[in-house]
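As a starting point, one isolated chain is supplied in structure tokens, in the form predicted on its own.
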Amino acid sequence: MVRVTVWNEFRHERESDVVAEVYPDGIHAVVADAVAEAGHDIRTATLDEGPDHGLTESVLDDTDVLLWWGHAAHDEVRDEVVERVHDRVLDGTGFIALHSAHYSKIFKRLMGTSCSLKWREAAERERLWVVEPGHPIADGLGEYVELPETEMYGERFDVPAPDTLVFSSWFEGGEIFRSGCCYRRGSGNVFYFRPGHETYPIYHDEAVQQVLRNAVEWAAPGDGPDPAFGNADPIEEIDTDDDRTVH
């Protein structure tokens, strides 16, 4: 069982009737319910839950994988919280950035780039192609997932080349996009998944929910040894006397 925290701004759903009709209890609620079907331990957190945005030290201590959805209030996330999450990812916490979280402070911090892209809202069709069918995030899917109404994201997507590209999107207007990008940052697994605009019921889609469950299991930390850093004693017996050292 993976301990999962789903984080969401939870602003659009409270401020827009259009969004509230699609996600009356918040995007985080739908994502959390989808992931919970795999039997994982789920909690949610939102932007306005105190000065730590619901991501206190104790919450992060109890989190194996953090899913992040943000759009309108990236700048309101406190830098101290961003650094806290960044440190946890380097230590092994899995991180999944959803849709417009490409422009969140934490994702840009992890990528080290602007994470900018083209975009268009025209309720156009998207075909999400599985380009790495052997990857565990693609388990249970067909060759592609077709979404009838989406927001277009187009290249160039200003991120580092992914370690593995699982999904590539084609849009009705002609653009393409790297929609499922896997990275390793320190000891943590990071996955960017593009689908999920707030005015379309994309997180209700069964195939999208399957991707979310697969991604959580992929991103969860393993049971390997913790890395050791710094000055190290030799494993074999050697002469360690060396007066040339300046440390």
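Since this is a predicted model, take the numbers as computed values, not measurements. The term rigid core refers to the most C-alpha atoms you can superpose between the two forms while keeping them within 1.5 Å. Start at 1 and count along the sequence shown; that's the residue number.
Form predicted in complex with a further copy of the same chain: not shown, discussed below.
Shown alone here, Ser169 lies within 4.5 Å of a further copy of the same chain in the model of the complex, counting heavy atoms only. In the model of the complex, a further copy of the same chain stays beyond 4.5 Å of every heavy atom belonging to Arg43.
At a distance threshold of 4.5 angstroms between non-hydrogen atoms, Pro24 is out of contact with a further copy of the same chain in the model of the complex. a further copy of the same chain is not shown here, and in the model of the complex it never comes within 4.5 Å of any heavy atom of His74. For the stretch 98-131, the set of residues having any non-hydrogen atom within 4.5 angstroms of a further copy of the same chain in the model of the complex comprises Arg109, Leu110, Met111, Gly112, Thr113, Ser114, Ser116, Leu117, Lys118, Trp119, Arg120, Glu121, Ala122, Ala123, Glu124, Arg125, Arg127, Trp129, Val130, Val131, in sequence order.
Once the rigid core is used as the reference frame, the Cα position of Asp233 differs between the shown form and the other one by 2 Å or more.
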